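A single chain comes next, written as structure tokens; it is the form predicted on its own.
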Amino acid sequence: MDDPSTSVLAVEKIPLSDDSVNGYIALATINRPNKLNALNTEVMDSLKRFCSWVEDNDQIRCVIITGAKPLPAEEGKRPKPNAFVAGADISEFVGMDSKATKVKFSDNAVEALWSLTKPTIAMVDGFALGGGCEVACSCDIRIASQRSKFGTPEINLGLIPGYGATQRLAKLIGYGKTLEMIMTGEMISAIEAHKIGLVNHVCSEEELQQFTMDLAQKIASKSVFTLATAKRTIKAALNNTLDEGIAIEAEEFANLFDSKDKEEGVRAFMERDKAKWQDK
């Protein structure tokens, strides 16, 4: 698949600024601005295919997920607000029973994004609610504009989050804050999200894209092999005891000493040269 773009997911390959490293940053924009980029079946299928494309494409070294900007307002109507993803498309919930829901929510795009071995960044400008908050939480790093808002309002529909927020939010912000967000359904500001650890950085709207791109370029310039090892090892902390995690780290650390990139990194350091990493 050369171009994973669809009508609801625009994908752009951005070359690396570091000429010594081959590859691209994949910028994926969820493109339903008339629906505040809400997640429907078409979006989720497109995201799943995108994740498969990323995993299989050795040229992709980092991923950025964002939402389309609002369209110009029609005459006499108020402009729509900015949104990363304003949630799931609730119209698809009408008449669904538990059997259909289990099919729809199993093997889903949010888990596909979470399972990527390559670094992922959520670039959030506006509402990240419900499924949108869960898409952001499934990324490794979250960067938000000052006007962004986060929330899990599913409680107002008689539901709880279904794309992993009860688990990933608890790991990110703790038990108490997760319960408060999910049980009240209220939104929090980007500043509050940063304060509690949900967001890594908060920028002005004007600075958001450049800040995100600079961070992605910095990450993408590192060894793909070592980045995948780091991500895998850090994730082990979520599912293991401290002692088990330290043992996993020791094993992964030792294994890197057999890698070409370790030799190249040490050589470059000793010779005050720039490392030339493997492409995969």
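All residue numbers are counted from 1 along the displayed sequence. The structure presented is a predicted model; accordingly, all values stated were derived computationally and were not measured.
One more form of this protein exists, namely the form predicted in complex with coenzyme A; it is left out here, but the text below deals with it.
Between coenzyme A and the residues 69, 49, 35, 231, the one pair within 4.5 Å by heavy atoms in the model of the complex involves 35.
Between the options 192, 180, 111, 89, the residue in contact with coenzyme A in the model of the complex by a heavy atom within 4.5 angstroms is 89.
Look at 208-216, 236-244, 35-43, 54-62: in the model of the complex, residues with non-hydrogen atoms within 4.5 angstroms of coenzyme A sit in 35-43.
By the criterion of a heavy atom within 4.5 Å, residue 129 is counted among the residues contacting coenzyme A in the model of the complex. Though the partner is left out of this view, residue 125 does not reach within 4.5 Å of coenzyme A in the model of the complex, counting heavy atoms only.
The closest heavy atom approach of residue 140 to coenzyme A in the model of the complex falls outside 4.5 Å. Although the partner is absent here, residue 197 lies well away from coenzyme A in the model of the complex, with no heavy atom inside 4.5 Å.
Remark: none of the three candidate residues (171, 174 and 248) comes within 4.5 Å of coenzyme A in the model of the complex, counting heavy atoms only. Shown without its partner, the chain has 187 as the single residue in segment 175-212 with a non-hydrogen atom within 4.5 angstroms of coenzyme A in the model of the complex.
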